[in-house]
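Let's start with one chain on its own, the form predicted on its own, as structure tokens.
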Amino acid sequence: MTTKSSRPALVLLSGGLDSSVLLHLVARRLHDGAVHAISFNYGQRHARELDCAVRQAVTVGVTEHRIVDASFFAPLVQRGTALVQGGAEVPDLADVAEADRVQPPTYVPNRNMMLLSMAAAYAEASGISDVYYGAQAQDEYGYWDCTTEFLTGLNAVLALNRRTPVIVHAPLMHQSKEDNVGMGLDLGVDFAQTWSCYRGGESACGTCPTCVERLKAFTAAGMEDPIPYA
């Protein structure tokens, strides 16, 4: 059994499936100390995930939940991603060529580095050494800023801090979304209060890359996804 840390922790919480499972994991199994959460409005297409982030933070009873306005970011990257306002249309996974899936149109240039940098700054100023983000092993496509190499390099930079270096952890990095669904069920995550669809309508589209991956995960776990689909 993993020994719980008595130190405080900070979780990057988008309100999606993976980050919600991560929040419950950190609060229930990894840390006895205060758990903080931080979410970002970086100009993404919709606020559905952020609404879910608020609900998940309340459910877990975090010490503090910060929602940061980073909407300045979207105009800087909208020519290179479909995930922010003003970007290209979100494609169906079926329309993304195999050769493009190593860095698909839903990749946001340097998003994770930027958000983790801001989270690390908040953590350092708050006396928090452990920062967690929900990188996971995508089955259908991939992002370089969700890899072991990225995490190792980022922590090498943060280790240059001369007083209180922050360490970034990604305990779900080698888990599939199916694994995360199973873990979330064990942890009591209310998946009806998570959102994954990139398009953000009243119902999830069921065909964008993250919807396809999410639906496959719930099917493999032998249960129905509780969110509505078109």
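All of these numbers come straight from a predicted model, not from anything done at the bench. Start at 1 and count along the sequence shown; that's the residue number.
Quick note: we don't show the form predicted together with another copy of the chain, though the next part is all about it.
Student: Just one of Ala88, Leu93, Ala137, Leu158 has a heavy atom within 4.5 angstroms of another copy of the chain in the predicted complex, so which one?
Tutor: Looking at Ala88, Leu93, Ala137, Leu158 one by one, just Leu158 meets the 4.5 Å heavy-atom criterion.
Student: Kindly indicate whether Pro75, Arg79 and Met114 are, all three, within 4.5 angstroms of another copy of the chain in the predicted complex, using heavy atoms.
Tutor: Yes: each residue has a heavy atom within 4.5 Å of the partner.
Student: Do Ile38 and another copy of the chain share at least one heavy atom pair within 4.5 Å in the predicted complex?
Tutor: Ile38 belongs to the contact set for another copy of the chain.
Student: In the predicted complex, does Arg29 have a heavy atom within 4.5 Å of another copy of the chain?
Tutor: No, Arg29 stays farther than 4.5 Å from another copy of the chain in the predicted complex.
Student: Give a yes or no for Ser129: in the predicted complex, does one of its heavy atoms lie within 4.5 Å of a heavy atom belonging to another copy of the chain?
Tutor: Ser129: no contact with another copy of the chain in the predicted complex.
Student: When the contact criterion is heavy atoms within 4.5 Å, does Asp190 count as touching another copy of the chain in the predicted complex?
Tutor: No - in the predicted complex, heavy atoms of Asp190 and another copy of the chain never come within 4.5 Å of each other.
Student: Within 4.5 Å of another copy of the chain in the predicted complex, counting any non-hydrogen atom, which residues from 85-115 show up?
Tutor: Result: Ala99, Asp100, Val102, Gln103, Tyr107, Pro109, Asn110, Met113, Met114.
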